[in-house]
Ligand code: SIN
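Just one chain follows, in the form predicted alone, and it is written as structure tokens.
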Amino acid sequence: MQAINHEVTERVTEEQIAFYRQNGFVQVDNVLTADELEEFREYMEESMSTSDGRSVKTGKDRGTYAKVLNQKVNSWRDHGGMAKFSFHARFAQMAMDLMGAQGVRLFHDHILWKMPGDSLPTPWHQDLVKWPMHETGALSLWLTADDVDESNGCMMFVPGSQRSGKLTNISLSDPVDIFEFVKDTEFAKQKPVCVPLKAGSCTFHDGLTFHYAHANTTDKPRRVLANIYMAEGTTYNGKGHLVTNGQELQEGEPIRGPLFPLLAGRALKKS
């Protein structure tokens, strides 16, 4: 594994912000220092090797889904080391700059391991249709602990597809073709972009951007942390979700509280 550049990226540039807003995704290299990358790998290994009482591990012994992903949701709740990366101010600032928000909150993190062997691709889908939010604009950081390319599960994006609007929730284990919902549109004709990354680099993508991950054909897991950020003031739409169930959120009210910390910017006053 190659070492990453010690000159870590601290902020996204104006050019990266413009690219993101046009295309719905952007690549940002070297967001981790060499020391941070070493810690990141160690903490993910520890977190994924244990069963915890509060974070939720999925994928294991779940048939087809396990071949697509093994994941742990809200790893920060049970591993202080993972919290360092889930709450990292550098990443939250980048997310806020890309969104143009006054503040950003963490919706949840999830460790995403694409296991070796009989791995399956992650099918084309949108994320936002899974999240219980009224507003659009929430995005994901996808931070890799390994070099990723087409052989072990790198991502692909359809540029501009965030403008398609909310479509349908695509099952990762029993998918339908998302492009059937955009026939005869510019989104069906747009060529997908493959984004290989070096370890310690990341992508950000809008929750409505069509994206896909290749199968892992290597003999090692592909290890990623995804942080989901939402603009301060994003409101709850009342639908069930793993991290909002039981939180006594009211439909139409902002998603706030101890599980959804403000990581950058400022909190807006309640009206």
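Since we're looking at a predicted model, the values are computed, not measured. In case it trips you up, residue 1 is the first one in the sequence shown, and so on.
Another form exists, predicted in complex with the ligand; not displayed. Remarks below refer to it.
J.: Using a 4.5 Å heavy atom cut-off, which residue among Q190, T122, Q93, S164 comes into contact with the ligand in the predicted bound form?
T.: After the contact test, the surviving option is T122.
J.: May I ask you to choose, among A213, C202, L32, A231, the residue with a heavy atom within 4.5 Å of the ligand in the predicted bound form?
T.: None of the others qualify; the residue that does is A213.
J.: I need the one stretch from 114 to 122, 190 to 198, 98 to 106, 82 to 90 whose residues put non-hydrogen atoms within 4.5 angstroms of the ligand in the predicted bound form.
T.: Contact-bearing stretch, as computed: 114 to 122.
J.: At 4.5 Å between heavy atoms, is D149 in contact with the ligand in the predicted bound form?
T.: No, D149 sits far enough from the ligand in the predicted bound form that none of its heavy atoms falls within 4.5 Å.
J.: Does D78 make contact with the ligand in the predicted bound form, using a 4.5 Å heavy atom cut-off?
T.: Contact with the ligand, no.
J.: Report whether the minimum heavy atom distance between V158 and the ligand in the predicted bound form is within 4.5 Å.
T.: No, V158 is distant from the partner.
J.: Please tell me whether any heavy atom belonging to L37 falls inside 4.5 Å of a heavy atom of the ligand, as the geometry stands in the predicted bound form.
T.: Flag for L37 set to no.
J.: Do all of L69, W142 and R222 end up near the ligand in the predicted bound form, with near meaning a heavy atom within 4.5 Å?
T.: Spot residues vs the ligand: full contact, yes.
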